[in-house]
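Okay, here we've got a single chain as structure tokens, the form predicted on its own, with questions on binding and movement later.
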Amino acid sequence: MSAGQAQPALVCRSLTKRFGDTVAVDDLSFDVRAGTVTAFVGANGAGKTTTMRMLVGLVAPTSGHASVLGRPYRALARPRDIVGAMLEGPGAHPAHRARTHLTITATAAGIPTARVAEVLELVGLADHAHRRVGTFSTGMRQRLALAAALLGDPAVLILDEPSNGLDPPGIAWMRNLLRSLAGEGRAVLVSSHLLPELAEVADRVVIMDRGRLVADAPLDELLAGRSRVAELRCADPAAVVEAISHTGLAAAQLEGDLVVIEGLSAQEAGELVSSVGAGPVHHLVERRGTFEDIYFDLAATGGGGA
């Protein structure tokens, strides 16, 4: 199957959601096009899950709108044929067998049950089709949820943390599957905290922070010009971050005493630590900039939304 290329497959325009006095999503606009993987990232509480739930009609926006292939999700006659969503695990009764769960889901959606065997094979669960869901590992449950999302052979996929619980081979499998699905012409919106993995598969990046959009651009464009990063640990990391704040460069203090500085060589970073009296230096390396560096530059580590 393939989706049209002329218009975005998924559109958000000024999407806003308030829960009482809390603004979970604030005037959010972005597109997801067919044939691409869009990484949707932000800290816990940044508003990603609320946004995804609005996209599939589970939460009503306070204002703004979202559409899938030009129509609101709730207006789609056969939504599972258009959108495959993986938001909260498989939603399967633990006593049901994997095949039974998918057969019930397919029947309810008017999807031919022959599709069940196809998606079980696609997600690597064909040999476990007769096992009860309650015996599945977390990773297997994730695969089952993905199988359910793929039942209708949808043009658009909305996946929240699909790699959660997968082992390293499973994560590599998921990465290859996402690229394959996009290569078939599908629009894929995927949220994950595994930023290095997203960097391997994403064409575009949408970053949220505290309910607001802080970046929406091709990943290659965000990475351009970010070839040099100094990473260090020292006695007074806060002093280093404070000194950098007056230079126009970007710096972030991550866990513990780790400081990442964009645009400095290891030698320059060492000289800076010495000049502000923040030594001794316990660790100092120079490396290429990464997607993680971009994220920490643009998004705060604490969120205020849901």
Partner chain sequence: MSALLRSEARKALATSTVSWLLPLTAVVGVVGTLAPLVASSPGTDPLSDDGLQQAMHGAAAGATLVIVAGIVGTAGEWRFGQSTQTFLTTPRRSHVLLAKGLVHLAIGSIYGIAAGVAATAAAWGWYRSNGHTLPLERSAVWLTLLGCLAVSALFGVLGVAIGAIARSQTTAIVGVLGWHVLIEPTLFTASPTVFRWSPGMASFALRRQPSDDFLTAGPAALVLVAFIAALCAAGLRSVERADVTA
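As the structure is a prediction and not an experimental result, all values here were calculated from the model. Positions refer to the first chain, counted from 1.
Another form, the form predicted together with the partner chain, is not on view; read the next lines as being about it.
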Interface check vs the partner chain in the predicted complex: of R175, H128, H193, H96, the one with a heavy atom inside 4.5 Å is H96
Exactly one of L249, V281, V56, L258 comes within 4.5 Å of the partner chain in the predicted complex through a heavy atom, and that residue is V56
Taking the shortest heavy atom distance, is A117 within 4.5 Å of the partner chain in the predicted complex? no
Indicate whether the partner chain has at least one heavy atom within 4.5 Å of a heavy atom of P169 in the predicted complex. no
Is there a non-hydrogen atom of P79 within 4.5 angstroms of a non-hydrogen atom of the partner chain in the predicted complex? yes
May I ask you to state whether E121 is within 4.5 Å of the partner chain in the predicted complex, using heavy atom distances? no
Residue stretch of 98 to 106, 210 to 218, 185 to 193, 229 to 237 approaching the partner chain in the predicted complex, non-hydrogen atom distance within 4.5 Å: 98 to 106
Sequence-ordered list of residues in 7 to 24 near the partner chain in the predicted complex, where near means a heavy atom within 4.5 Å: K17, F19
